[in-house]
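We begin with a single chain expressed as structure tokens, specifically the form predicted on its own.
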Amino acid sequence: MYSIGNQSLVFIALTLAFLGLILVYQASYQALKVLPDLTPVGPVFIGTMVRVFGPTVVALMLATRVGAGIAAETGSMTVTDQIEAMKVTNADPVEYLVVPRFIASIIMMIVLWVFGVLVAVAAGTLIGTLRFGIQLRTFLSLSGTTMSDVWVALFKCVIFGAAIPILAADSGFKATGGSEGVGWATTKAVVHSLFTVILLDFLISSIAYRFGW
């Protein structure tokens, strides 16, 4: 949990902060071209961050950082026969290496989602109030966020958090050769994790909207 969560805080904070700044700036700038009223910017931005951008962007960041680390570690152990040595001593590599990362990834994915959304909203609030003069209470309105948004986002966090360590560990266990094999396994883990997060995001969002969630 420390490796996945605590060591990703700065990475997540910077990414989500700039994302919040960009989204609010662009939304406000475009809204001014059509309507003189900027009151919907804050509620729509918060709802979108909670349901869509929060879990997805955090998962993409973890796929690049955490997924690569898991694949490199398990890949190195595979090519140096440490995995085989564990099997000889009757230690299950999946239970010893994958399960702790699986549980930690799910828990910290949820924690980082909450943290990232708060950072993005704080950054968006700054530019919305200081640059475009939106009232603080108006911007921070939760009228655009429903409980279904929260539940869908939580479900995404659980699914993303489970998929990343599984795909990364699988790539690491399939590594062959020496350092070159570990490099290929790491690259494959990141690519597969990124693609899977985007695909799952589309599927979950489609199903949720289909059933009116």
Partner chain sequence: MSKPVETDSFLGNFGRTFITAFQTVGAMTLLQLRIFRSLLAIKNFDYDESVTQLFKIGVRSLPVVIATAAFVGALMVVASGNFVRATGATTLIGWAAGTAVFSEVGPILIGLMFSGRVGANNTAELGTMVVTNQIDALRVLGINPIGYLIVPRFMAMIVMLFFLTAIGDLFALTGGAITCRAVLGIDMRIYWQGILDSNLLSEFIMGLVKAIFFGGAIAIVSCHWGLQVTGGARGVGRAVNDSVVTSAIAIFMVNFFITVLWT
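Residue numbers count along the first chain shown, from 1. Quantities reported herein were computed from a predicted structural model and do not represent experimental measurements.
The same protein also has a form predicted together with the partner chain, omitted here; what follows describes it.
Contact of W151 with the partner chain in the model of the complex (heavy atom, 4.5 Å):
Although the partner chain is absent here, W151 would stay clear of it in the model of the complex, with no heavy atoms inside 4.5 Å.
is_contact(F173, the partner chain) in the model of the complex, heavy atom dist at most 4.5 Å
It does not: once the partner chain is placed as it appears in the model of the complex, F173 has no heavy atom within 4.5 Å of it.
With a cut-off of 4.5 Å between heavy atoms, is L167 one of the residues that contacts the partner chain in the model of the complex?
Outside the cut-off, so no.
Please check if S28 has a heavy atom lying within 4.5 Å of any heavy atom of the partner chain in the model of the complex.
Flag for S28 set to no.
Thinking of the partner chain in the model of the complex, which stretch from 113 to 121, 97 to 105, 134 to 142, 75 to 83 has heavy atoms inside 4.5 Å of it?
Partner-contacting stretch among the options: 75 to 83.
Candidate spot V52, L60 and L199, all three touching the partner chain in the model of the complex (heavy atom, 4.5 Å)
Per the other structure, all of V52, L60 and L199 touch the partner chain.
Does anything in 158 to 188 come within 4.5 Å of the partner chain in the model of the complex by heavy atoms, and if so which residues, in order?
Heavy-atom contacts to the partner chain in the model of the complex: G178, S179, E180, V182, G183, W184, T186, T187.
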